[in-house]
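The chain that follows stands alone, in the form predicted on its own, written as structure tokens.
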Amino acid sequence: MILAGGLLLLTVGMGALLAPRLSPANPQEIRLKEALLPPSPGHPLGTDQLGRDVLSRMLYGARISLTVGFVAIGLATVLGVLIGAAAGYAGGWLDILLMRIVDILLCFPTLFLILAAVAFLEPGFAPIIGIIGATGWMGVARLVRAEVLSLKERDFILAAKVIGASDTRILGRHLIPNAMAPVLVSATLGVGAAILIESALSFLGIGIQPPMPSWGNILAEGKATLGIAWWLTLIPGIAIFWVVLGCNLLGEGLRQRWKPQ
């Protein structure tokens, strides 16, 4: 399962990395005379309403979608680890305060929080990353807090306190590294969820803005020509499914590998 998920993600990652070499055309070059051409040797995935090559846009869109997924979840993971570790290690009023904030935020649907945040910001690449990251840390915080509560009473932590190790050293060198296994599984699954959220926002017109290609806005552009240009919706849909499936397989494989026996 880990191998299958890794291979799925690797193929997309290599396509995104080699986009300048693999793209048959400039992804933003408009050629109205070649609008809505079906897949052919010259345009392996066809063209869109403006004559832009869909394969080129998909490859460059992979860069955008993967960057949003990994960077946003990286940001969420860092926030969740710091907040969860602080709550679990400090305990007392700080733990109560932070966990009540987490409980309140978890009461709201994630998409609702994101839409509310988008209303106050201009749609774009950096704001979408920040919004997804800032609304996705709560589950990680609860995971890390639970792990830290379990670990901080272990003998090796008590020994570190006895020899005079500072709280910062205990957290950074002992507690957080030993609490990272479930966090990595959660982050792997979260990448797929972040890509889905970005695609949904771009599809609604409040995510990545044209002419910058992303799988979500390519999908949205194909909506108007669904009856005559099936490739404009099928291809980005398959790409999103491919990446999310890869993330889920990899995350599930890691969960089974690290599951306590």
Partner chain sequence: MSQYLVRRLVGLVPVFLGITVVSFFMMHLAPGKPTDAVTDLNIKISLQAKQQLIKLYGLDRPVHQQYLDWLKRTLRGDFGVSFKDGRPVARKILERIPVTLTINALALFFILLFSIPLGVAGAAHEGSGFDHAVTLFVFIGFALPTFWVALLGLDLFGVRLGWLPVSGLNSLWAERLGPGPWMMDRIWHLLLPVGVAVFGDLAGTSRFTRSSMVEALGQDYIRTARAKGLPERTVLYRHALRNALLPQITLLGLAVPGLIGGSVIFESIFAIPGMGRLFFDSVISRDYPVIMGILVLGAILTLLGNLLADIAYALADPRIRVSEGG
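In this text the structure is predicted, and so the values were computed from the model without any measurement. Positions refer to the first chain, counted from 1.
If you look for the form predicted together with its partner chain, you will not find it shown, but the lines that follow are about it.
Chemist: Can you work out whether its partner chain is within 4.5 angstroms of a heavy atom in all three of 100, 112 and 139 in the predicted complex?
Modeler: Heavy-atom distance to its partner chain in the predicted complex: all three under 4.5 Å.
Chemist: Test of understanding: in the predicted complex, would residue 69 fall inside 4.5 Å of its partner chain by heavy atoms?
Modeler: Contact with its partner chain, no.
Chemist: Would residue 104 show up as a contact with its partner chain in the predicted complex if we use heavy atoms at 4.5 Å?
Modeler: Flag for residue 104 set to yes.
Chemist: So, in the predicted complex, is residue 146 in contact with its partner chain at a 4.5 angstroms heavy atom limit?
Modeler: Taking the distances in the predicted complex, the answer for residue 146 is yes, it comes within 4.5 Å of its partner chain.
Chemist: Although the partner isn't part of this model, could you tell me whether residue 244 comes within 4.5 Å of its partner chain in the predicted complex, counting any heavy atom of the residue?
Modeler: Taking the distances in the predicted complex, the answer for residue 244 is yes, it comes within 4.5 Å of its partner chain.
Chemist: Taking heavy atoms and a 4.5 Å limit, what residues of 212-247 are near its partner chain in the predicted complex?
Modeler: Those in contact are 219, 223, 226, 230, 233, 234, 237, 240, 241, 244, 245.
Chemist: Relative to what we see here, could you say if residue 189 and residue 231 have their Cα atoms closer or farther apart in the predicted complex, with a change of 3 Å or more?
Modeler: Result: closer.
Chemist: Just say closer or farther for the C-alpha distance from residue 100 to residue 117 in the predicted complex, relative to the shown form; it changes by 3 Å or more.
Modeler: Relative to the displayed form, residue 100 and residue 117 move farther apart in the predicted complex - a change of at least 3 Å between their C-alphas.
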